[in-house]
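Only one chain is shown below, in structure tokens, and it's the form predicted alone.
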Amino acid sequence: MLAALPGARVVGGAVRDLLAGRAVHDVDVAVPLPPEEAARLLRERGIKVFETGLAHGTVTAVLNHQPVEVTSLRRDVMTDGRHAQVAWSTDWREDAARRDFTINALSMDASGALWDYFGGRGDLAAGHVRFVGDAATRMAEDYLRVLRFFRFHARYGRGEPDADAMAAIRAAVPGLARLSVERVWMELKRLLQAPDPLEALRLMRDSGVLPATLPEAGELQPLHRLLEAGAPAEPVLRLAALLQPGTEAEPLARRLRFSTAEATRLRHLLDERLRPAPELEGAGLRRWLAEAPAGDVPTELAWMAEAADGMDRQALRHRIGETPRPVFPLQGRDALAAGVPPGPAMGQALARTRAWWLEGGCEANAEACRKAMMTFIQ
């Protein structure tokens, strides 16, 4: 890829994670060429190119089924706190100067030579998340960088955060209202997926950022319990533990424009009636599983219960994982075969049979259920 583009370098997160000894997932490339010229050179090498962001200087090249974003060097002509008008450049330092943090302003060529214009390598080694240049200026260009600061601090920061950055962040809180809710949830989600987001969340709370972006947030202790117990880094689960008791899922999901799956998951996790007691086992556990929402939610409900009351549910989670989810063995066709016509009578017969099956610990098979149903329709 780099060989097809004169002067190209790998930039940003791939370089940062390579230096940090972390897995590299997405590779971004920058070139001192206009985007149309970069696309032409790639196509001449037989590389498939999609003009995914031409107005912003970005094309996507696909090599060995892997997409790579290729972006022209840029300088900002005008910014408004959300969007930027850019012009193409050939100056690598100028392009690096418009990036958010020093650890993201690194670049590397095909030979492995590193360019570090703002001390990012040292900051990375020290666990110091620092804005490129003046922090207030960087945030005024795009207020999403306020949230990005905490996400990167959660993943790469150690010790006290940058004092200049924190002062500028407190002053920038009103600008967060200009962000779209989709961008806010995207950043919150990524922060919540960090191995330990607690310190970053504390900083967000103390600086006024958390109340401004997630006013439903409550105390951090339930989330702390969740992390201590070893719960997975599932963002909706962690969000549920972060919210104030009594928070309603639907208004929050609408406000942050959750996907349908996210909204459904949050609704289940916040429903205290669904949470299992630590001693649940045997027939009671089977009944609970039969009524529980689908997917991983039963185990997550046990995590949520532990986060809420602090009672150890490790053994319960093991029982949940080892117990097959019971499935009621009858369907409408069974009722039809028994002579029950479609309509309310069929629904009542199946409902009464299912209630009998649940009361018996979900152990009756299809034949036993059919026999029981016959007694309900006579």
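As the structure is a computational prediction, the values presented were derived from the model and not from experiment. Position 1 is the first residue in the sequence shown; the rest follow in order.
What comes next is about the form predicted together with a small molecule, which does not appear here.
Participant: Verify the flagged residues His128, Asp162 and Asp196 against the small molecule in the predicted complex: is each one within 4.5 Å by a non-hydrogen atom?
Facilitator: The answer is no: none of the three residues contacts the partner (heavy atom, 4.5 Å cut-off).
Participant: May I ask you to state whether Gly13 is within 4.5 Å of the small molecule in the predicted complex, using heavy atom distances?
Facilitator: Within the cut-off, so yes.
Participant: Though only this chain appears here, would Asn104 touch the small molecule in the predicted complex if you measure heavy atom gaps against 4.5 Å?
Facilitator: Result yes; Asn104 sits at the interface with the small molecule in the predicted complex.
Participant: Glu37 near the small molecule in the predicted complex, any heavy atom under 4.5 Å?
Facilitator: Output for Glu37 is no: heavy atoms all beyond 4.5 Å of the small molecule.
Participant: If we define contact as a non-hydrogen atom of the residue within 4.5 angstroms of the partner, is Asp334 a contact of the small molecule in the predicted complex?
Facilitator: Residue-level check for Asp334: no, no contact with the small molecule.
Participant: Using a 4.5 Å heavy atom cut-off, indicate which stretch of 248 to 256, 205 to 213, 93 to 101, 227 to 235 touches the small molecule in the predicted complex.
Facilitator: Single hit among the candidates: 93 to 101.
Participant: Within 4.5 Å, heavy atoms only, which of His153, His268, Arg74, Arg145 is in contact with the small molecule in the predicted complex?
Facilitator: None of the other options qualify; the answer is Arg145.
Participant: Select from the listed residues Arg190, Arg287, Arg121, Arg275 the one whose heavy atoms reach within 4.5 Å of the small molecule in the predicted complex.
Facilitator: Of Arg190, Arg287, Arg121, Arg275, the residue with a heavy atom within 4.5 Å of the small molecule in the predicted complex is Arg190.
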